[in-house]
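Here we start with a single chain on its own, the form predicted on its own, put down as structure tokens.
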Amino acid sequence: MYFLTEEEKKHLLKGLLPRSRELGIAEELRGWNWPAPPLQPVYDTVLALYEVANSYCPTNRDLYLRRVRRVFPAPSAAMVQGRVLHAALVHVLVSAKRLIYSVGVAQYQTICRELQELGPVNVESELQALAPEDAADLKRKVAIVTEFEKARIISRIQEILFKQPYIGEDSLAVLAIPVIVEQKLDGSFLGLSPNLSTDAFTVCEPMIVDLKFGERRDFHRLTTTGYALVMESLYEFPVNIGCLVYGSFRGDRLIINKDLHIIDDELRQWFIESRDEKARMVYEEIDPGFPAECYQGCHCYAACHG
């Protein structure tokens, strides 16, 4: 799901990358300038990146409940689904890399066969929290994601082997699966958790990738922006491109749409303002009040409305 199509590669290489280099980013909004305003944290409060980026609740009262009143409602069915499907994808990607290294290029047919026979990740413990019909539906979706990703990787391995007769295991793994999944990052320089984890980071071009199952929302781009700032703060190289991958299901078909975007000054400023506003809310224990309208399926609804 993280691999770009030929059309998306063209859009990235001929459109977004040249534009991002011409556009320029304000120096004070690069992550490596974390010791100075506006990136320097104002409040002595450490937030998870998702707490800064998410705004499903219009007033962010879910954050107030969790961090100030220490209320921890059970995750909604949509939250469980997102977590499980993400785990299903990671299972295939990591298993494929492991097979390449352990089996070796000389036995590539064994790699393909064992990958084809790979079963879905075990998610039985996660399914127990769901109603029976929701659990059955999620198991079906896990199988769809698993089969889709296995087919993509096998095709990529075969294509690379046809072109590169002298390739070794390490090069094959990087070319066939050019993403690092769940890369751990320390966000401390920016007032964020020291235990952050990106969904994926592409190796060929520094690009943050985040996977979503659900409706597209404008604040989703704050997730890629936050991780880009953290990577810049740690490694001091520019990260200008983000990619949101939206997965949905139409019957037994997996539909994928991608939002490739430049992480520009506007997004960076938005992320910093959101960080400071939410850190102040937690630090000063400010109740933001109830939103005019709660979103459907909010897992905090009972905590707010009894």
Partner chain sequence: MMLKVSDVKQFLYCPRVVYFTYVMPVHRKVTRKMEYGKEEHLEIERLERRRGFRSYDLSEGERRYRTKLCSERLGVEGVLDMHIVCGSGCFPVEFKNTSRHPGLNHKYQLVCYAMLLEEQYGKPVRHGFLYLIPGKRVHVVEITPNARTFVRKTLDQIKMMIARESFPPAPRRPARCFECEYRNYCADVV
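Positions refer to the first chain, counted from 1. Since this is a predicted model, take the numbers as computed values, not measurements.
The following text describes the form predicted in complex with its partner chain, which does not appear among the structures shown.
Although the partner is absent here, Q40 lies within 4.5 Å of its partner chain in the predicted bound form, judged by heavy atoms. Although the partner is absent from this view, D259 stays clear of its partner chain in the predicted bound form, with no non-hydrogen atom inside 4.5 angstroms.
Of the heavy atoms in L267, some are within 4.5 Å of its partner chain in the predicted bound form. At the 4.5 Å threshold, heavy atoms of K10 stay clear of its partner chain in the predicted bound form, well away from it.
Highlighted residues E51, D287 and A292: none comes within 4.5 Å of its partner chain in the predicted bound form, counting any heavy atom.
Of the candidate stretches 251 to 259, 272 to 280, 233 to 241, 59 to 67, only 272 to 280 has residues whose heavy atoms lie within 4.5 Å of its partner chain in the predicted bound form.
Counting a residue when any of its non-hydrogen atoms is within 4.5 Å of its partner chain in the predicted bound form, there are no hits in 184 to 202.
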